[in-house]
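The chain below stands alone, shown as structure tokens; this is the form predicted on its own.
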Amino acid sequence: MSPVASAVGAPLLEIRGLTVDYGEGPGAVHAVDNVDLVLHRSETLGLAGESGSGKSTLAHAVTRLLRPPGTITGGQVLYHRREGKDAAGHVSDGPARSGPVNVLDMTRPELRAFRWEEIAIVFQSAMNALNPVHTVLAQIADTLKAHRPGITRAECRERAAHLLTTVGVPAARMSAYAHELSGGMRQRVMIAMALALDPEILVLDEPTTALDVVVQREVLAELVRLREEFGFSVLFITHDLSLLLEVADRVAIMYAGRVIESAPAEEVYRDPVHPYTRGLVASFPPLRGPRRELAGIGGSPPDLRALPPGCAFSPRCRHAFDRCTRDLPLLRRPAGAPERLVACHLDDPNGSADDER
């Protein structure tokens, strides 16, 4: 069982030992390496890290959207179904099956029903995700008809109008094409499509990256309101830690395909433990309070094809000592911090930093 699972309430999605490789054999690249995460009901879990840390690969693995040469080589993705639903998310006539279902073991029909019904994803580039030759209405209706075969054209139109209005887009824009919408509107349309079947989980893969700051804030405020209204859980993926600290309940930090720190968002902001997390927090200015000097993280993310021995962050860490270059630090719960996990030898009582901390 993942060490995070007992931190807060009932789990909705448990990722256990998930490993994703690109390529095969000795030259395979471990883009996601033995990751454990738990998303709880009505929670926003943030996943942050630099480009290439494995965030989007993890999202595509969880939703079974990986394309070759990406391959899931280990682990489980356990989904705890809503009571009264079967493994595919359909309402069951008989008693509900007990226990979670492993998404990685789902058949193609089960997976088809699981997506949109139980989990939906909003991609980082709405212009590329939306079909340029179909109207907004046609694309929302396509989702509805695929999962609700008996739905009428009038019902599709009514549902599309309601969804668009809910996310702040005028219903009249349902006849528009993607190129006729602003960036913010396109992203809102993607969110409306994701909510079409009232899923339990919304995966947001860098949903505001291409937007200017003002529109970014509007979309984030809309997402917060929608989560409060509909009660879905969110896996929010971004390289911008400052965004996550505003909207997430918990934050997990990824580096070189591994989770290196996980804690409630407030704790990550007030007291980051891992040197990499400290660097991320120190790289953006505070919105209020006294000014402070910003400090970036020196160096570049490692080449996943040739990771350094021991801690992958050690070449960039000014606190690194001998053990960091030999032994891989594992996620552990520090004393007195029941909701925090960190993978760092500096915080390991069995290690010795030779007073270099």
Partner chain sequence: MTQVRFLFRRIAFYAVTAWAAITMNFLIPRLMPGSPADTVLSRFKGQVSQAQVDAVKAQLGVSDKSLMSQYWTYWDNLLHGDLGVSVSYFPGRVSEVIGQGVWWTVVLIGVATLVSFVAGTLLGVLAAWKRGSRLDALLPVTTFFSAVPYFWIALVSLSVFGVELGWFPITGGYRPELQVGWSGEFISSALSHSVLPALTIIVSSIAGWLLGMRNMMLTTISEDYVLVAEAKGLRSRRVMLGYAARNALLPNISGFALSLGFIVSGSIVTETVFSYPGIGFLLFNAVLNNDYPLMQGIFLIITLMVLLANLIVDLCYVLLDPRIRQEG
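None of the values given here were measured: they were computed from a predicted structure. Residue numbers count along the first chain shown, from 1.
Heads up, the form predicted in complex with the partner chain isn't pictured, but that's what we're talking about next.
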Just one of 155-163, 263-271, 219-227, 115-123 has residues with a heavy atom within 4.5 Å of the partner chain in the predicted complex, so point it out. 115-123
Pick from Ala129, Leu245, Met185, Leu78: which has a non-hydrogen atom within 4.5 Å of the partner chain in the predicted complex? Ala129
Of these, Asp212, Asp198, Glu180, Asp105, which has a heavy atom no more than 4.5 Å from the partner chain in the predicted complex? Glu180
Contact with the partner chain in the predicted complex for His239, defined as at least one heavy atom pair within 4.5 Å: yes or no? no
Does Ala282 reach the partner chain in the predicted complex, with heavy atoms at most 4.5 Å apart? no
Contact between Ala146 and the partner chain in the predicted complex at 4.5 Å, heavy atoms? yes
Is there a non-hydrogen atom of Arg67 within 4.5 angstroms of a non-hydrogen atom of the partner chain in the predicted complex? yes
Looking at the partner chain in the predicted complex, do all three of Val20, Ala28 and Asp303 come within 4.5 Å of it through at least one heavy atom? no
